[in-house]
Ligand SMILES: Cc1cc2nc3c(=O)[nH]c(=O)nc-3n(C[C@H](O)[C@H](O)[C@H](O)COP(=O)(O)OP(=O)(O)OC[C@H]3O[C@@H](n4cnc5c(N)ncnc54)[C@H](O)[C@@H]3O)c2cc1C
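Coming up is one lone chain in structure tokens, specifically the form predicted alone.
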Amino acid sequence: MIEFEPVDLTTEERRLQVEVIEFLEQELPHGTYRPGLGFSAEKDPAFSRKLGERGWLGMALPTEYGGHDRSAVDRFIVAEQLLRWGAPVGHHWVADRQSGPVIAKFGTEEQKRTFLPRICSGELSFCIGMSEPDSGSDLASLSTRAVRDGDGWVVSGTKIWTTMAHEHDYVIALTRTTPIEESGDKRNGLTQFIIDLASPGLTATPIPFIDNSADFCEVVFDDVYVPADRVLGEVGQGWAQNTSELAYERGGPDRWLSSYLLVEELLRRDGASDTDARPSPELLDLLGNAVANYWVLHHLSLSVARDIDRGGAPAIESSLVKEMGTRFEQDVVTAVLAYLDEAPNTLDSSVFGHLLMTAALTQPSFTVRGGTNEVLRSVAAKGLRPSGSSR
């Protein structure tokens, strides 16, 4: 059964929200930087280190490993404001969102002490090694394999859509360590590895996207040697670990805020500057629909964070938030384009012009990255299935 408990922020959590906004107003005043759309923002290690210095990375990780023993809700508050601001979060985003928590949950003591303090300081960056060229949305059909070789493992295969693999430090890769014919189920016999992206035999090649960016990469493992102490969790338990990891990836504000700044800049451009004037009815309709949906998704996503703080594993709820959120992100872009009734102008160098062009070109990817809508609906449907039902 899918449940979203009604929640709100406490007084102390609202203080944190104000603190983050004040920091961003001072660090990134409007008009002094080029904002990004959601978590696909620029990579700025120096900015990430400033967040680390303030204790805003690794917030929910244990203090003994450089974290701050704060809640998932606290992390949600910081992340929401960073995304709303279009801040350059590209360096630390994946490491803070999921690599750190998954290492804290499944890693060895040595792995925790090696990686977590440097994630919390904003020093290390990570990417996700899940998708493969021939697997589509069926992640369990992956073919990248890891074979024992003395005291370590040799990894061979290809991952794709691995964001910023050509610039990040490590990838957590899901591999097959037991052939399907031996494991009996394609979800069995999978293992996660923490792999240095500078390893001999590993090649990360950027893939040009329609908007001329090249953040996505193809990562080829050509007999890459991985020491045994870089196995994450238990050999053969990669599918269960990966499923747990997706709760961090899918339920956060990054799945419904990608086009938020586009609406904010539209309001700056077309909103009334004279108190006696009013925006057009068309703009008011667009804003009303957007704000109502943002508020609903905010509370659903916040509910997921509260559940994580209670020790829950809201994989189904996270999938539903992601499915609803990414469709909404696309709907916002469609609504803005319909309101303007004109194609984006490639010569418009304003902040709004830049965001509009980027949003129009990348909009189709919103419902694909992090799991397609069809797969997410299947996950949610399983949560609605009555107990004991075989249908």
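For every residue, the number given is its place in the sequence shown, counted from 1. Since this is a predicted model, take the numbers as computed values, not measurements.
Although it is not shown, the form predicted in complex with the named molecule is what the next lines describe.
**Q** For the chain seen here without its partner, which of 324-332, 361-369, 339-347, 43-51 has a heavy atom within 4.5 Å of the named molecule in the predicted complex?
**A** Stretch 361-369 is the one.
**Q** Going by heavy atom distances of 4.5 angstroms or less, which of Ile128, Leu202, Val226, Leu266 would be at the interface with the named molecule in the predicted complex?
**A** Flagged contact: Ile128.
**Q** What is the one choice in Trp161, Phe106, Tyr260, Phe115 with a heavy atom within 4.5 Å of the named molecule in the predicted complex?
**A** Filtering the options by heavy-atom distance leaves Trp161.
**Q** Consider Glu12 of the chain shown here, and say whether it contacts the named molecule in the predicted complex, taking contact as heavy atoms within 4.5 Å.
**A** Flag for Glu12 set to no.
**Q** Would Glu22 count as a contact of the named molecule in the predicted complex, using a 4.5 angstroms cut-off between non-hydrogen atoms?
**A** Judged by the heavy-atom cut-off of 4.5 Å, Glu22 is well away from the named molecule in the predicted complex.
**Q** Using heavy atoms and a 4.5 Å limit, would one call Ser137 a contact residue for the named molecule in the predicted complex?
**A** Answer yes; at least one heavy atom of Ser137 falls within 4.5 Å of the named molecule in the predicted complex.
**Q** Within 4.5 Å, heavy atoms only: does Phe216 come near the named molecule in the predicted complex?
**A** Contact with the named molecule, yes.
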